[in-house]
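Quick heads-up: it's one chain on its own, the form predicted alone, in structure tokens.
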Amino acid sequence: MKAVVNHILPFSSVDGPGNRTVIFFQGCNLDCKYCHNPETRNLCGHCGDCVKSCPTGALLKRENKVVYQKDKCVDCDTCIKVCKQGASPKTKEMTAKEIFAAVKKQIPFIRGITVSGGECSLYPQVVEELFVLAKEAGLSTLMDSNGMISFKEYPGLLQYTDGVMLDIKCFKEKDHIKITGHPNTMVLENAAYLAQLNKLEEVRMVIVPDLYEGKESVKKTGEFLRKFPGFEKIRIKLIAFRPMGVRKEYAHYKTPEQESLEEMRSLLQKMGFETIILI
């Protein structure tokens, strides 16, 4: 069993507690307008447009497939800029053992691993196998997920998952469809299920004033989570939209005012949440 990996970040201090190695998988089942990693949304279609554009010859087409030669790449990202499919040719199919071989190099310096994307839950079997290996090595395991695949269907995966950092894009279904192209029924079902299991590590909300009413969404999300025992320990991360990295057709959205974010944090604090982080 293999998964398509976009890249592996050896060290990160913002993807869960402590220093962590983060594995970014390729492919996503949402199409968020404000996606800050739009090149991770889809798998390479091997059209070859990037091959013709690569200034260093790091890409070639062999047997109708784009082949990436990392040793020739200078990370200019020309290939990503010309891709019309929201993909990257700089990916690699890897087994869980191959991924963990890359993780092991950092073991003396990390507390755990986090899987992200794209969307990590598109590869549940590989993630489960990877987490088993991580646990055997004494590492903690976290998933950064959009919650669009039912966690109830993967009890084995959850057995080896210490927690999930869940994106709740917005609370209202119609706004969620507007932002992502899909309803959020599954996301909220997963939020409830993980909260009941005490595995809802963090809830993340990107605040985009031009797309939806952020304060109302934060309030509704807080009220929803308050129903579960131990809700106060769920970390809430409010992330201000920024245009860097997003597709140019969506780069005009405004960044929320700091005062507005502070109001949202105060609202959640009054509800009883103990940790609200503004980014």
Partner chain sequence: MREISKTRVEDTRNKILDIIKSPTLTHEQKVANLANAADSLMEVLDVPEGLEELLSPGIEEKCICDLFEGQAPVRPRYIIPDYAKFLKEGSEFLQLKPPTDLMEALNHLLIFYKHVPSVTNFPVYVGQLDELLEPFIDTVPEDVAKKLLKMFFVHMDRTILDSFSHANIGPKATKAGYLILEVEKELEQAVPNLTLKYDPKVTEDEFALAAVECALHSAKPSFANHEMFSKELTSEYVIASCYNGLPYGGGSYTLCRLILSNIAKRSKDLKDFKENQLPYVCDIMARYMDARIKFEVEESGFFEHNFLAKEGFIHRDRFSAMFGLVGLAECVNILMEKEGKAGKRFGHDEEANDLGVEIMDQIYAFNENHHNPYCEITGGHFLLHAQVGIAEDVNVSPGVRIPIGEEPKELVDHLLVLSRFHKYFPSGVGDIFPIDLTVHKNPEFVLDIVKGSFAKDLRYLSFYSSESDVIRITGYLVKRSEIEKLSSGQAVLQDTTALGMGAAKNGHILERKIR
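Positions refer to the first chain, counted from 1. Computed from a predicted model, the values in this text were never measured in an experiment.
There is another form of this protein, the form predicted in complex with its partner chain, and it is not shown here; the text below is about that form.
**Student:** Considering Q125, Q106, Q85, N198, which brings a non-hydrogen atom within 4.5 Å of its partner chain in the predicted complex?
**Tutor:** If I apply the 4.5 Å criterion carefully, the residue I get is Q106.
**Student:** For the interface check, one of 92-100, 155-163, 106-114, 178-186 should have non-hydrogen atoms within 4.5 Å of its partner chain in the predicted complex; which one?
**Tutor:** Heavy-atom contact with the partner occurs in 106-114.
**Student:** Report whether the minimum heavy atom distance between D75 and its partner chain in the predicted complex is within 4.5 Å.
**Tutor:** Yes, contact at 4.5 Å.
**Student:** Would S12 show up as a contact with its partner chain in the predicted complex if we use heavy atoms at 4.5 Å?
**Tutor:** Contact check for S12: yes, within 4.5 Å of its partner chain in the predicted complex.
**Student:** Contact with its partner chain in the predicted complex for S260, defined as at least one heavy atom pair within 4.5 Å: yes or no?
**Tutor:** No, S260 sits far enough from its partner chain in the predicted complex that none of its heavy atoms falls within 4.5 Å.
**Student:** With the cut-off set at 4.5 Å between non-hydrogen atoms, does N19 touch its partner chain in the predicted complex?
**Tutor:** Flag for N19 set to yes.
**Student:** Looking at its partner chain in the predicted complex, which residues in 254-279 have at least one heavy atom within 4.5 Å of it?
**Tutor:** Sequence-ordered list: I277, L278.
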